[in-house]
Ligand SMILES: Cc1cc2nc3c(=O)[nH]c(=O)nc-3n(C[C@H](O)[C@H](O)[C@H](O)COP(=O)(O)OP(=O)(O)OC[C@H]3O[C@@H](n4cnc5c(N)ncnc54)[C@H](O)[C@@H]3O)c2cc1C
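Have a look below at one chain only, the form predicted alone, in C-alpha cells format.
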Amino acid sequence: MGTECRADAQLSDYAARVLEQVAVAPGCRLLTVSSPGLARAASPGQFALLGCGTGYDPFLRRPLSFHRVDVKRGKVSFLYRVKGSGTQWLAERRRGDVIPVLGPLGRGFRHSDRGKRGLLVGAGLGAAPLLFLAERLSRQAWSLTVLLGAPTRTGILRADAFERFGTVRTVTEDGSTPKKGTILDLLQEEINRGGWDTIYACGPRVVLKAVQEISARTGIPAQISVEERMACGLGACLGCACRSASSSGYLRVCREGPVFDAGEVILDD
C-alpha cells in the first residue's frame, strides 16, 4: 500500500541546533531541533542516528524515530527515554547546543490512500513514531483512532498532541485512567467494532505479535514498527536482524524496516 518511504538518496549528516528540551514524563524527554534539510527529507516511521557525546564515549550514536516534523519551520522532534550515558548526554543539551544527526534512515509507513479509517496502536514509548504519522494521515482526510497504553498514567505519552488528529483512547494496567486493562484489551474492543482499513502499531513485541495475529485472522492490513537494538543503523553490522516470514533469511530492522507489513517478519520472543 502506498509508496516506499526510504531515504537513501537523501541521507545526510546534519548539525542540528537544539531549540527546546522538555520533560514529558519521568525519565522521558521531548527534544526539538532546527534542521530544515532533515525536516524536508524525513517521512513517518523513519529514524535518525543522534550523536551523544563530544568524543568517542559513547562511540555509537543513538537511533531515535521522528516524533514530529514541521517542514515549514524546519523543526524536528524526538521523544526518547533516558536510559544510559548516551541519552543522559542528550538530556543535558540546552537551547543553542549542536547535535550531529544522521538521517533519515530506514523504511517508514506507507499511507498513500485518502479518506480511510486508521487504527494507531502505541504502547508506552511506542507512541513516539505515531504522532508524525497521525498528522500526515489527518492531512489526507483519514479518520483516526489512537490507542495509547501503559502500566500507569505517567506512561501515557503525549495524548494531548494526538487529540489534534483523531480520537484518543487510553488504558492503564493500574486503573489510573478511566479504562483499566492492557492495550491489547483496548485493541480487541476496537477490532470487534470493525470498519478498519489499516492498523499501524509500535510497542513491545507482545503488542506487535497480537497485531500480526489480528491482521492474519481478520484480513485487515497492518504495519508494525519494530523496536530493536541497533549498532551501526546502516545495515552493515546485521545486529538488528529478524527472521523473514517468506524465506529462511533475515531482514534488517534498520534497513528493510523498522516498519514492516504485519506478515513480513517473524518476531521471536
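Keep in mind that what you see is a predicted model, and the values were worked out from it rather than measured. Numbers for residues come from their place in the sequence shown, where the first is 1.
One more form of this protein should be noted, the form predicted together with the ligand, which is absent from this view; the next part is about it.
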> Which of these residues, Tyr80, Phe132, Phe162, Trp196, gets a heavy atom within 4.5 Å of the ligand in the model of the complex?
Replying inline: Tyr80
>> Within 4.5 Å, heavy atoms only, which of Gly155, Gly118, Gly86, Gly166 is in contact with the ligand in the model of the complex?
In response: Gly86
>> Can you tell me which of 68-76, 91-99, 168-176, 124-132 lies within 4.5 Å of the ligand in the model of the complex, counting heavy atoms only?
In response: 124-132
>> So, Leu64 and the ligand: in the model of the complex, are they within 4.5 Å at any heavy atom pair?
In response: yes
>> If we define contact as a non-hydrogen atom of the residue within 4.5 angstroms of the partner, is Arg229 a contact of the ligand in the model of the complex?
In response: yes
>> Test of understanding: in the model of the complex, would Tyr200 fall inside 4.5 Å of the ligand by heavy atoms?
In response: no
> What are the residues of 231-258, in order along the chain, with a heavy atom within 4.5 Å of the ligand in the model of the complex?
Replying inline: Pro258
